[in-house]
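Next comes just one chain, in structure tokens: the form predicted on its own.
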Amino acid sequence: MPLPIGDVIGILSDNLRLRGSVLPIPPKKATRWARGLGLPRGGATVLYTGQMYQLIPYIELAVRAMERVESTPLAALAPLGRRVNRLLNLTPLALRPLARTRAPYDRVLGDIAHLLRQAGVGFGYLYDDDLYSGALAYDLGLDEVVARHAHRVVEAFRRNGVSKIITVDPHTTTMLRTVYPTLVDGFDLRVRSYLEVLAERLPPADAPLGQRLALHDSCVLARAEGVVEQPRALLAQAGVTVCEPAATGRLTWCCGGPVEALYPARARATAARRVEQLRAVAPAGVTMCPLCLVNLRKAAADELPLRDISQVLREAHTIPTTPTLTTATKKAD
């Protein structure tokens, strides 16, 4: 039988309501990326991850598990799984990605932090208060539980004296900039993607790459937030020739997410079509969203190397991977 979609969504909803995330992960693992970077706690301007990059290894394992049971008799056990999960958090028991699987996504966050410091931007980090944004739950239509969760997140910002937020991924950006103001009365926090900040402040690359890369725009960042020219300007500055696929900018083709959690086969087909479009214009590609990165990588296998834009920019600016960050003096606008 097919997966009971209502029960799958119900598990994610229960997790967000009871435990603060659709896939609750230990705070130590969510904040591990910042270890040794010397980031101050809180402050007027913070780098907010919304836990999206940290969740990707767990999402991958969850999708694989659903692919294995999709259209099998085991799918009938989903209602039982939901009842058990209400009493016991099954995420750390059922989903245990290896450290080497988590490490690349932690490095993305470290690269973003280094790039911002390279641009002279001063910022802090909320550590245990860097809560999940609710993005995937919102995409799945869980409006009521997302609204309650949004108040928890905003309270964490206010408790830490935050007035300006730098986000690291498209889904978190649009949650805070477009969705939260409709859910939280008096929402007055200024929200910008790190790509917008870097496009204004990052100095010229000291090691231009001289590469041709196919650029995959995030549906959310391009369509909902209008962030289209900034990643192109940053890549050009890094010595990258940006190759535009058949569907690009505000008309970009979807990577297949976030429906991979509910319809794995449909998501794979969508991602495969996008990989074909990217391969048609360049030998390698670049993304700016963790969901896009993982979905397209699965579809591409070894046929199209893909990297997050932060990795490309870091290489062009020869920023070490894990040194302690130095104190910066400028504020984020």
Partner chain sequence: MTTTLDPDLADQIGLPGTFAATACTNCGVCTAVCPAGLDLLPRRLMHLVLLGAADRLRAETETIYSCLLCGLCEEQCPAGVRITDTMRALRHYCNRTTFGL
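If you're wondering where the values come from, they're calculated on a predicted model, not measured in any experiment. Positions refer to the first chain, counted from 1.
If you look for the form predicted together with the partner chain, you will not find it shown, but the lines that follow are about it.
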Would you confirm whether the three residues Arg158, Phe187 and His317 all fall within 4.5 Å of the partner chain in the predicted complex, going by non-hydrogen atoms?
no
4.5 angstroms heavy atom contact with the partner chain in the predicted complex for Cys254
yes
Closest heavy atom of Ile25 to the partner chain in the predicted complex, within 4.5 Å or not?
no
Under a 4.5 Å heavy atom criterion, is Gly110 part of the interface with the partner chain in the predicted complex?
no
Can you check whether Arg223 is within 4.5 Å of the partner chain in the predicted complex, heavy atom basis?
yes
Using a 4.5 Å heavy atom cut-off, indicate which stretch of 121 to 129, 97 to 105, 139 to 147, 231 to 239 touches the partner chain in the predicted complex.
139 to 147
Answer key: of Arg266, Arg279, Lys29, Arg35, within 4.5 Å of the partner chain in the predicted complex (heavy atoms) is Arg266
Does anything in 19 to 58 come within 4.5 Å of the partner chain in the predicted complex by heavy atoms, and if so which residues, in order?
none
